[in-house]
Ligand code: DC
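One chain is shown next in structure tokens, namely the form predicted on its own.
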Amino acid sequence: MIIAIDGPAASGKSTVAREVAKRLGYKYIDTGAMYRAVTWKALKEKIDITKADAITALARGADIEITDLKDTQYRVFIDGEDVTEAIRSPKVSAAVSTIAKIGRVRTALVKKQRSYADTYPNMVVEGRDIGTVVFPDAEAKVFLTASPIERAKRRQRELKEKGHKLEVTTVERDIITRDKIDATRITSPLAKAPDAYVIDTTDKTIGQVVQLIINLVKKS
């Protein structure tokens, strides 16, 4: 069974998806981490992120691995290098949407994402186009959302824990900008699948959201 969880930045996708996967014993796939890994690699190698040919070649050739959950922790590797923490930096966050809107990059990474289904029959997959493009036939589809200011506060807390200090207004502005880029890109824009179950997480706890999804899965 594939559970597709989509939504904008800081809507709670990663935290909720990891917990759902843990409770069900499913494989967890963070597709956003794959785009971040490519972005991190491009920045490290000083590749112009607006050069589609160069970024596409990087995405096609990269060996991206997401390890299994262990006590709700997971690791992201690109070409053998652990980038789990590095891909969450403000610098990567500011650049990832530019890379993610390149059609050929998305095609390359969607192919990698779908390949997981050949190995893992049960998965929780989260991103921005999972229920609409990557796995349109997923048995359960969820779209998480929250107010921009609430998402900004969440992201600010995450960044602070990693040693990055940004004003919440700056974070909110960046989130709104990223929302616009993600929702208006030509290839695989951020969108709610027609048959997705929408959950506004603004005033809900992680546990409440997880339980709503577990209930949905049981009905499916």
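As the structure is a prediction and not an experimental result, all values here were calculated from the model. Each residue number is its position in the shown sequence, starting from 1.
Another form exists, predicted together with 2'-deoxycytidine-5'-monophosphate (DC); not displayed. Remarks below refer to it.
Heavy atoms within 4.5 Å of 2'-deoxycytidine-5'-monophosphate (DC) in the predicted bound form belong, among the stretches 27-35, 57-65, 43-51, 161-169, to residues of 27-35. For the chain shown alone, residue 141 is not a contact residue for 2'-deoxycytidine-5'-monophosphate (DC) in the predicted bound form, no non-hydrogen atom being within 4.5 angstroms.
2'-deoxycytidine-5'-monophosphate (DC) is not drawn, but in the predicted bound form it has no heavy atom within 4.5 Å of residue 18.
In the predicted bound form, none of the heavy atoms of residue 151 sits within 4.5 Å of a heavy atom of 2'-deoxycytidine-5'-monophosphate (DC). At the 4.5 Å threshold, heavy atoms of residue 124 stay clear of 2'-deoxycytidine-5'-monophosphate (DC) in the predicted bound form, well away from it. Residues of 87-114 placing a heavy atom within 4.5 Å of 2'-deoxycytidine-5'-monophosphate (DC) in the predicted bound form, in sequence order: 88, 96, 97, 100, 106.
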